[in-house]
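Quick setup: one chain, the form predicted on its own, written in structure tokens, and binding and motion questions come after.
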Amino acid sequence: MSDALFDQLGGEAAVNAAVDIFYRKVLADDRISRFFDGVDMEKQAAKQKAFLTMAFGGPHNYTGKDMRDGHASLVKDGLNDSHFDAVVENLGATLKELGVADDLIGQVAAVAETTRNDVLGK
């Protein structure tokens, strides 16, 4: 078995389940749901699955925009650290719900943190 975080989390099936639960949480979160108004959530979920798979050391099939370009319009719309924190919080809660060990959730949070400056255009 690989040491990649992707495999430790349970591979493709686990990432797919996590993204589906994650977006249910995000869309129900009043702090951040407005950023997804008018977004095709099926396409968004597919992009997120590919991105997380790559970010966690799995197969590299992500073809979306880079984080800075992909979020630039949201930054103009007020996206800031508090929103980024809310997304990471929802991701952690999702993984907890799926029974992922705390040390792996910490590793996921650390990977997410590496994207903060790009997502927020800093």
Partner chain sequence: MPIIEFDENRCDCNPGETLLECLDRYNCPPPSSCQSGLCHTCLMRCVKGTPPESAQNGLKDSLVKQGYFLPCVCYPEGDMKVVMPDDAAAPHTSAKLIEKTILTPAIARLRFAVDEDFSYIPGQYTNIFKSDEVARTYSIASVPVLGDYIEFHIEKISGGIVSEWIFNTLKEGDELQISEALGECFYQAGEEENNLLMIATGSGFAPIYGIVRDALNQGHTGEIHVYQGAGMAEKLYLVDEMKILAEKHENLFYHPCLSRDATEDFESGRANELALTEHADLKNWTVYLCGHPEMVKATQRKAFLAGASMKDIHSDPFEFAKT
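What we label the rigid core is the largest C-alpha set whose atoms superpose within 1.5 Å from one form to the other. Positions refer to the first chain, counted from 1. Bear in mind the structure is a predicted one, so any value in this text is a computation, not a measurement.
The same protein has a further form, the form predicted together with the partner chain, not shown here; the description that follows concerns it.
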query: Heavy atom within 4.5 Å of the partner chain in the model of the complex - the one residue of Asp77, Asp81, Asp69, Asp40 that qualifies; finding: Asp40
query: Output flag, Asp20, Tyr23 and Ala45 jointly within 4.5 Å of the partner chain in the model of the complex, heavy atom basis; finding: yes
query: Exercise: Leu27 in contact with the partner chain in the model of the complex, heavy atom 4.5 Å; finding: yes
query: Core-aligned C-alpha movement of Phe35 between this form and the one not shown, 2 Å or more; finding: no
query: Cα-Cα shift for Tyr23 and Lys65, closer or farther in the model of the complex, minimum 3 Å; finding: farther
query: Comparison of CA distance in the model of the complex with shown form for Thr115, Tyr62, at least 3 Å; finding: closer
